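The chain below stands alone, shown as structure tokens; this is the form predicted alone.
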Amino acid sequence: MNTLDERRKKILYAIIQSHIDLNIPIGSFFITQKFQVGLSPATIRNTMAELEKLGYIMQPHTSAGRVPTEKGYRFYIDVLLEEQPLSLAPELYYELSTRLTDTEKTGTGIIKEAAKTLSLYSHCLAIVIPPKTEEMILKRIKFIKYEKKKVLTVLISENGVVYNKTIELEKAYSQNQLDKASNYLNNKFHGLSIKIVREKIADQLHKDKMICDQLISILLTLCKEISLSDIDDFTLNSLAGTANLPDFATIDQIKEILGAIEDKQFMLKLLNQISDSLGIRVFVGMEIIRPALKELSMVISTYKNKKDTSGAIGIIGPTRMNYKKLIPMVEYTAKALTKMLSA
């Protein structure tokens, strides 16, 4: 992709960075006034015409300056920003580190706090995907008698994340009976991942068709049926800074963003896609994700907990977002989150 000579790179960088800062079409006279490119206005105009022909910039209307295209932004991120060191401003580093470490929360509380902090300082919508449930290690299952035939099922993972769901049994059981059932399941499944727990439950139900304790048989079946849609609350954990949305998104785009985040299968697909790559990912123009989001971009990075289970955190904003500032911000937040969850 690095096919432009130095002259074209300088002009393209000047156009894109100026458009990000000012949100106006950029002309040759502006570049000569604001940038030390060492070129005449005529040379700059010729270079801009070349960049437009190559698809990196476009002219929104006759006699206007140029604005970047999606291809231009992609080159800016993949090549131009790679050629210069990106770092967090010292004052911003202090503010983020103070806010992220000044919390007594654990598990999902830390994740939510990181998303709120990222949204606050980026002025964008923060998106956070919890670690994959199937990889989480089960610490304890608890059944609590709720009312009549209803039972509150509580699953606690080893990294402190708690899931709960109310279930209704065919008949009422005492708390003592429920405790015996939970002890049985804990002895068998403690320390295993949710994925392996499901596999072992299915195997046990297949082998032990005549389980003596009817309650254990029922609860085994119910535990096997626990799905990601039951115990993952992507909607609760995904959004932060929703108030920022109207500043850069249309009503239709807001609906699409919320729809994408509420789509658990989509979120899992996104997490799987970025988990396979190292470091931060930038999606310029999100039409490959959802067509209505073509004027928005996403900067996102994976984070991990102490069991090496991956989640993701990032921001959604306008395509002309300040990538130079926001990429290191997302990267730092993901690293800080990993550090806190791994402690």
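The first residue of the shown sequence is 1; numbering continues from there. In this text, all values refer to a predicted model and were calculated from it rather than measured experimentally.
Another form exists, predicted in complex with the DNA; not displayed. Remarks below refer to it.
Residue 285 falls outside the set of residues with a heavy atom inside 4.5 Å of the DNA in the predicted complex. When contacts are judged by a 4.5 Å heavy atom cut-off, residue 48 counts as touching the DNA in the predicted complex. Using a 4.5 angstroms limit between non-hydrogen atoms, residue 65 touches the DNA in the predicted complex. Although the partner is absent here, residue 26 sits close enough that one of its heavy atoms falls within 4.5 Å of the DNA in the predicted complex.
A heavy atom within 4.5 Å of the DNA in the predicted complex is found for one listed residue only; from 54, 280, 292, 39, this is 39.
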